[in-house]
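Two forms, one chain: they're shown below as structure tokens, one block per form, named structure 1 and structure 2.
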Structure 1
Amino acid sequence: MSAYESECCTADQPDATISLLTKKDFQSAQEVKWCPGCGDFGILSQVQNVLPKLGIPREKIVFVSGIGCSSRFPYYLNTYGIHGIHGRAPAIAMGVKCANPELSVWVVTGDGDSLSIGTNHLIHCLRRNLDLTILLLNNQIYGLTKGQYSPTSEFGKKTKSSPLGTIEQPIHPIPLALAAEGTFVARTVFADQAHLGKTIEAAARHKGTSFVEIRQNCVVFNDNVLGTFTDADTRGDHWIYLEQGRPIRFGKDGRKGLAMRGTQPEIVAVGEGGVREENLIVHDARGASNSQAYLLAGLAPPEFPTALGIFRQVEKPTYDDLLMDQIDDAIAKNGRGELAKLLNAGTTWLVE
């Protein structure tokens, strides 16, 4: 899966002694308090797998979260961490990163936390392209508050706060992240640990805001929402794995493929009716425009399978670099600020 090859490292230069860190070094002493069977466990485990690979000293890593089951993440990682307030993690993380751009800063959030109360901060964080890694644990429900619908719950879903079914169209995190100018936008699912791990690692290695939607299962309040994935038999018909530079195929033995008809995507049977692999859309997360990413992000059941993988991955200057550049430039131009000079600036006069 070439799309996952690393390109650069977010934080400081890796330190040789650091690579000796293991998964265990990243486990905190705190007892993990999710429900037995919760999808969050596997995600935590993959994050703990990925961290040692990054070569970043533990003390240079900060996890920031909001409020929700998913947002308890920082407690379980033996790094620096802030368990913030509901929805505000990206804004807290912005402060952390701008105060010390050398840190590797992660945001862990839920569908309620950052697609309901916190949408604003998420969007502005993405467009600023702060060098952060955002993991959005999307279980399509409010877990911690015991089962109200979330902005990603499907239309008509019956929950405690919608006994007759919701009347809201769900929001789709991937197009939203794309519209917010995200430079790294990916989707993975808790149930595919390998894909999960690789996607998280690729996100961590991306310079700029990386956004990963992780589809997760809340066993208590929204169980089996990922039934089409966990059922291995039919999975191939319902899910596509995107791989950079490869034609988009899926279904049993990759017999189906995705092609364009005008401006719209369509499903074709490869090898039938003259359809050849060359007719398929080749996945390119790095194209000049977002349009292919939107197209793939728009694929949705029941007509289409859901795409997993990296929708978009481009390099743009990061906010934190630009911020520090302006400071460096100002110092280069005006000299490092001397307090006495500042205080004495402007029209002054002497009283003797």
Structure 2
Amino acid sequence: MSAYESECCTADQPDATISLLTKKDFQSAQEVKWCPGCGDFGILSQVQNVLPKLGIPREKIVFVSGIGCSSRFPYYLNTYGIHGIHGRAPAIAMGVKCANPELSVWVVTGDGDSLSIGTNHLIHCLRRNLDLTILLLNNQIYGLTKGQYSPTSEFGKKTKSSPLGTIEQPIHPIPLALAAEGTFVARTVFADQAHLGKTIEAAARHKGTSFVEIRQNCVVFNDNVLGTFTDADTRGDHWIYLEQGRPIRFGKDGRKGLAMRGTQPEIVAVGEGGVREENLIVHDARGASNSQAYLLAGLAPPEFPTALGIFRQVEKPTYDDLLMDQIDDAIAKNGRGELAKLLNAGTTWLVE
């Protein structure tokens, strides 16, 4: 078992009854409707693979979505679900979790949903650290509304709404999540189903807000946006798999590595020019500082490969636990109270 697999599978084993659930139990009767070749099919499949492993009954799982292609997810899962409004999925999910902390709450959203009108809700959800899981499907385009540039589209992108090329700089989801002090921040890609499944499972098992950016193409309006990133023959040179406590290596047979030259990262050839494995950066997602996570999140083509895996994974008190503690303390001190008395307490006015 790899370090990554060990990291993903440390939760208690589910009880015997719930463990009998299978992937099929989480498939709804709805016909799955996305464009042929869309990465959403693979993402849905991996979510349905992960859910039986968690040992949580279906009636205690809620999927919340906003607006976009990704927001069809609640229809395709045999759990509770809410198809919300544009950008508000994190806000709805926060309300659901606070109303019933026993629920396993998931948000499935897209780059046009949560990084445009919903950016503030996403940021506040991350900083509050409620115990829920956010899957952000990033294809760098507005797919449902037929191909306008999105907040994550690259500078100069020509689309129906930017025929001369967009003059906006893109939002980068991972640095944004790190800036909001997310306690679990990760990136994966639809083209690597094994890594996708492991990352989703690790996120689901984390206590706190888990944020996973899932990179993908839009086969109709933004096909091949990831380019060689998804080419099985060459992607080893374009991806870095982050593993906790391991030196950062990539490329064929791990011959390349990432080292620091002063304050800047550089690509080195392991075994050449006196470069040894101990000269490489050792990945630490669990450190107190965000500095390494920011550095790795900033790696981008063509100068560097793209980093995949868990950038940050730390434990902090969750908002929902703290909220319930406050409520319990208030009840212990003052009793349960009565609504009618509360409405008539304090300073009141009589309007005649």
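Structure 1 provides the reference sequence; residues are numbered from 1 along it. Every value quoted in this text rests on a predicted model; they were computed, and no experiment measured them. The term rigid core refers to the most C-alpha atoms you can superpose between the two forms while keeping them within 1.5 Å.
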- Between the first and the second structure, which is the form predicted on its own? 2
- Is_shifted E338 between structure 1 and structure 2 (CA, 2 Å cut-off, rigid core): yes
- Query: How many Å does the Cα of T347 travel between structure 1 and structure 2 when the structures are matched on their rigid core?
  - Reply: 10.3
